[in-house]
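Next up: a single chain in C-alpha cells, the form predicted on its own.
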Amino acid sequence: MPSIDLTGKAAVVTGSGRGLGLAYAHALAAHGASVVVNDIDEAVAEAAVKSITEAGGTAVAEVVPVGTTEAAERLVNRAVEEFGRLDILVTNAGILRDKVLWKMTDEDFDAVITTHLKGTFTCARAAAVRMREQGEGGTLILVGSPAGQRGNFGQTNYAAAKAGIAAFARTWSMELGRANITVNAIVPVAATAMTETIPAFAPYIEAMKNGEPLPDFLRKGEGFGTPEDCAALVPFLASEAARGVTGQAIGVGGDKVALWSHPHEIAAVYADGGWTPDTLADVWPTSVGAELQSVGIPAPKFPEA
C-alpha cells in the first residue's frame, strides 16, 4: 500500500468544528491536505483551526450553516481563494430533531432535511462544478448513518436524509465517473454527543473519558469507538490508493471497517398473466414472504453480568 500523501490538495469538511467532523479535518490535514473547517459557531470553528495548525496542519474557518446554494458556494470559493483549488469534499454537517412520526412537526422535518440532505446536495453540486472545471478529478465523501441503512425509531427525518445520502453516492458515482471524481458514503459509528445520550453506552463513554479503553466487545463486536477511529477512512478515500473505489457505502467504527450491500432483490415469485390479491395471499407465506427483512439498528450485544 502506498503512503497516503495529500500534499497540495485542498478539502472542505462541513460541520467540522467538533466531533467526527473535526476528526476528519485533522486526519486530512495530517496527511498534507489544506482544510476549510466549517461550523455555525465562530468560536468553535476558530478553535478547530487552531488545533489543526498547532498540530502542523493548514486550515482556515468558514462560518456558515450549510443547506443553501449560497452557503455551498461560499465554502467552495473559500477553498479556491485560500488554496487555489478544491479536491476533497466531506459532507458531515448535521443536526437532530428526534420525535416519533405523530409528534414530528414540519419544522422538525424541514430543518433536518435542509441540513443533511439539501446541504449534501448543494455542497456536492458546487464542488462537482469546481472539480470538473479543474479537470483533475476529485473526491466526494458523503457522511451517512446506520439509521439511513436500517431505519431508527424516532428518526423519520434523519433516517430519510441519510438513506437519501447513500442514494446520492450511488447516483453521483455514475454521473461523475468520467470526470474521475469518486463518490462514496461512509457510515460511521462513534462515541459522540449523540451516542452519549444512549443509556447502554453512557457508562462506557464516561469510562473512556476517564482514560479507560473501550472493551473489545464494543470496538470489534459493535464497531464502536472514538471519532478518531473513524477518521482514517477519509484520507484513504481521498487518496490515489482508493481511486477505483466509488459508489460504495462503507461502515467504520472502533476496530471495524465494513462494506454495506446495496439494496437488492432477495426473493421472487411469478404468475402467468399477473397477480390478483387472492393469488398473492395464497403464495405469499411460502415464497417472498417466507423470510421478511428486519428493521432498525440491532441492539448492542453487551456481555452478561
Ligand SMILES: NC(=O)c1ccc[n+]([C@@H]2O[C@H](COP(=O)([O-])OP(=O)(O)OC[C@H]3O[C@@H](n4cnc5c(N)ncnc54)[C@H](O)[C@@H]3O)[C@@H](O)[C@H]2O)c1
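Note that the coordinates shown come from a computational prediction; the quantities given were computed from them, not determined experimentally. Numbering starts at 1 and runs along the sequence shown.
What comes next is about the form predicted in complex with the ligand, which is not displayed.
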{"item": "One stretch from 33 to 41, 46 to 54, 260 to 268, 235 to 243 that, in the model of the complex, holds residues within 4.5 Å of the ligand by heavy atom", "value": "33 to 41"}
{"item": "The unique member of A190, L218, V76, A128 whose heavy atoms fall within 4.5 Å of the ligand in the model of the complex", "value": "A190"}
{"item": "Contact label in the model of the complex: Q134 to the ligand, heavy atom within 4.5 Å", "value": "no"}
{"item": "L20 within 4.5 Å of the ligand in the model of the complex, heavy atoms", "value": "yes"}
{"item": "Any non-hydrogen atom of T182 within 4.5 angstroms of the ligand in the model of the complex", "value": "no"}
{"item": "The ligand contact in the model of the complex: A167, any heavy atom under 4.5 Å", "value": "no"}
{"item": "The ligand in the model of the complex - contacting residues of 139 to 156, heavy atom within 4.5 Å", "value": "V143, G144, S145, P146"}
